[in-house]
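Below you will find one chain, with nothing else, as structure tokens; this is the form predicted alone, and questions on how it binds or moves follow later.
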Amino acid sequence: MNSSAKKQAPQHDAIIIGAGVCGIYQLYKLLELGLNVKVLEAGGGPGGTWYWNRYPGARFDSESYTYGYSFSKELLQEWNWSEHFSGQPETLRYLNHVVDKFDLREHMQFDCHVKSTAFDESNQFWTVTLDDDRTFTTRFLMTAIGMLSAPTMPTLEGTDAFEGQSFHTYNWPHEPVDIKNKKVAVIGTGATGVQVISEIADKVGELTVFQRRPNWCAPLHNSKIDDKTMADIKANYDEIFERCRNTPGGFIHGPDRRKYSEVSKQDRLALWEELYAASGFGVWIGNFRDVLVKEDVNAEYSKFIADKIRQRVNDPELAEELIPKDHGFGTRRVPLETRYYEAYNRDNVSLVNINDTPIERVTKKGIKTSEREHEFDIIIYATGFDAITGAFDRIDITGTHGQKLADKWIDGPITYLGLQSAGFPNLITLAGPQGGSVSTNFPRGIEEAVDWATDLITYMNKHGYKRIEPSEEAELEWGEDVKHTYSLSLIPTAKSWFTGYNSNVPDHDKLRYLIYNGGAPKYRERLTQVAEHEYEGFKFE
């Protein structure tokens, strides 16, 4: 590098990758500090997951009024949610409203696919390169790239051979897809597949669902919000957000503190019936704590939910196909549904268990299993994501001494607080692996992470620090803390994105410690402690 290059100053104080829920709020906070900030977004507009996921049935599984931002009282009072669990179109309108209300759009650049980033040690800044080879330089690089934003296709032969329409749910076309009277295949029965199947079962000609592993699902019980209810919500926002602050998951639903063994069978069943009939995640995280901690208690609750499935599916054999046998209820994230199980009572809906009759290949006309070839007009891949770390792996991130983040994280992420990784100075991984927001009601978690990161930058500017990264000792200690949180519940007993498993991704067939399971209050307490002790565990220059 020549001498003139060594004297370069970065073009920006901060570059944020991603204009979703997290990136929008981080931009707002940094602009408040008067910094020069740019957001680079791969999509054609803001919204992140709500920009991309336009599939039928896409909606919140946390209450709308707990999902929106809490930082502006004016915003809270002027926005009216139409449903308790908002659908994708309304959510995208909300995020665009926020962007325009606070004049954030002019600081965003869309259709920008970040190809690589590299830390320039002589200049102490990051160079960001797009796939069209444009470059930007920045002092701080902040990732807001989403935990479920790297879609994975199944490892099937012939996916390009199909002559009809086919797409991953994440890449659902922006133009309308005509499904009326069409023969449609859905591959996958995870959370996305459940929403799609529920929504289109009565609209297509024939629907064939290819299932490898069923999920435990429970009713969403969504409903409209009338004017009076919305007024009551607005009057009680402080109470609502305080309630979210005090629950482990950042939802309005918190655990029943009683022990399972302390409650009579009659009262246990009464609570379970109440939870099943109520809306939202109470059926999962409003239960006795023992349900997610003790295998015998979890087995009892799983039997209760299994009986509910049997009551809702007319064909007893089909009902058994839809009941998980390899994991207990709640050990994976629970899809909330609307008449999902009833979809299988329809004459035009059929289920193919690909454990019994595996998919051999995709053909010109459809899908060939070991049993026969199924012909389709449309194939929908609801095959999930390379969760949490996948979006990082798709960017070539190079830190000090030529170290690649993908190499450092090959066996699982190594971070401090989920916010930084040693050897990658001034890279702040908002909503990154092992952070608190990944396992919580997302906006509640990211507001805390963004506020903390903003305070950190303010602290650095005040003290004249140009560079920050954690010590390896701090990383090691945090890694042990994260690993310990996995021992506190039955989460590790199930293969899911919580535990890093994805059969469609090479080397992702083992337990990886991707999320912090200690709960939002404990994570917040740790962030506060670190800041109050002059950001212990970090090294400044």
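In case it trips you up, residue 1 is the first one in the sequence shown, and so on. The model shown is predicted, which means the values in this text are computed figures rather than measured ones.
This protein has a second form, the form predicted in complex with a small molecule, left out of what is shown; the following refers to that one.
Note on the partner interface in the predicted complex: the residue among Leu271, Val352, Leu92, Leu148 having a heavy atom within 4.5 angstroms of the small molecule is Leu148.
Here is the short version: of Phe125, Trp216, Phe385, Phe442, the single residue with a heavy atom within 4.5 Å of the small molecule in the predicted complex is Phe385. Of the heavy atoms in Tyr516, none are within 4.5 Å of the small molecule in the predicted complex. Residue contact check for Phe60: none of its heavy atoms lie within 4.5 Å of the small molecule in the predicted complex. Although the partner is absent here, His253 lies well away from the small molecule in the predicted complex, with no heavy atom inside 4.5 Å. By the criterion of a heavy atom within 4.5 Å, Gly190 is counted among the residues contacting the small molecule in the predicted complex. Contact with the small molecule in the predicted complex, judged as any non-hydrogen atom within 4.5 angstroms, is confined among 471 to 479, 25 to 33, 62 to 70, 496 to 504 to 496 to 504.
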